[in-house]
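The chain below stands alone and is given as structure tokens, in the form predicted on its own.
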């Protein structure tokens, strides 16, 4: 059984709870999420939980980020600096599923905080179950990219241009910008957030773009083991990590890593590179955009910040581990006419470079790259989902550890709200492959018309005591999944015509 709901760590914004005493805001926030305000009515639109005092999204940078080599990589435009209010708005937009046509996916669906704001799958799943054609690049330290362009093929000239494209992509989020603006304009809390960020409640695509870009640029990794070591000559490193650092920087051995992943940001400078993955390239990268043979196989070089969290690797997610990446550069680079100079064999030898690293050297390189992991960023509440997670116990309104028949209505409405009225497959409790902690998974592979609506809940009350406990509720879900397969949990419906209240979909 789930424990009782705990009071949220953060307080609601004053615009959401303007008059309630401080001590009441924790409970009030739970009730708002449940839609309990002046009666037991479902909250059909999720509301973010945000601190009253804005978080700081532009803290002072460490000294090694103020060196010219890093400063010149900063792609922040003069007319869109990071502000606390702008990045806060961007955070809400980043996690809001309203930004997709069927309200089932958000930017964060493909850029997960715990995964270095990348996707642990080779290809991401879009709003209707389709797969993207490239791996979702990690967003950590996207602010520092000297070429300023975005996407693997650099087709977006700026981050402000890039952030709007997945929203409009038919596979990813599938929403037109006019519809997006109209949808957000219908939410009162967005009026407050836009006013705080831009001085008025006007919502338009340019402001959405600017806010999202501010939030993405605020994802700065500056607290890794590497960062702690800069000022102490890496005395905090193990011998293996220091060997890996020297190999990476070309101070010993044959590796050329730093020539493409330079500076303390570990990203490329003015060059874009072909890293010899294959010849010919199935995905031509920049060449597919320009149509020029000399651009085939050129791809953006991402920062290695948080690289231990961003597997799988490369634009197509072909390498599952850092060990596999190191071995590729050690022995697997393919000769290609556009191969970047650091990966070419040393004259007079032809073809691609072979590093001939020992097992210990390869392990040392992996160990060094793991020092770039910023666990603080991966858990930082400033960058976390502001929309509360809903679980079964959130429907236990009277906190008696049991769910009455009237409360079960809330379960259905809450999950319908959480997944934006999309198709939901109810599986056995928390065992599905993509299971959430509550046991529900979005089923994007079936038609939204495959619906089951819930009406008379008493059939689930196996002991006929008028209440449904959490054990019974789990069994209900298992039973209906067995009986009807894919179902959609909808709002209470009294006349479905079946004795148990579920109506099988077509």
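Numbering follows the first chain given and starts at 1. From a predicted model like this one, the values you see are computed outputs, not experimental measurements.
One more form of this protein exists, namely the form predicted in complex with heme C (HEC); it is left out here, but the text below deals with it.
- Using a 4.5 angstroms heavy atom cutoff to heme C (HEC) in the predicted bound form, all of 139, 315 and 369 count as contacting.
- Taking the partner from the other structure, heme C (HEC) in the predicted bound form has no heavy atom within 4.5 Å of any heavy atom of residue 129.
- Residue contact with heme C (HEC) in the predicted bound form: residue 203 places no heavy atom within 4.5 Å of it.
- Contact annotation for residue 166: at least one heavy atom lies within 4.5 Å of heme C (HEC) in the predicted bound form.
- In the predicted bound form, no heavy atom of residue 214 sits within 4.5 Å of heme C (HEC).
- Partner contacts here mean any heavy atom within 4.5 Å of heme C (HEC) in the predicted bound form, and among 225-233, 195-203, 153-161, 370-378 they occur only in 153-161.
- Contact with heme C (HEC) in the predicted bound form, defined as a heavy atom within 4.5 Å, holds for exactly one of 336, 210, 134, 382, namely 134.
- The partner is absent here, but in the predicted bound form a heavy atom of 256, alone among 256, 102, 113, 221, sits within 4.5 Å of heme C (HEC).
- Looking at 341-364, the residues that come within 4.5 Å of heme C (HEC) in the predicted bound form, counting any heavy atom, are 342, 343, 355.
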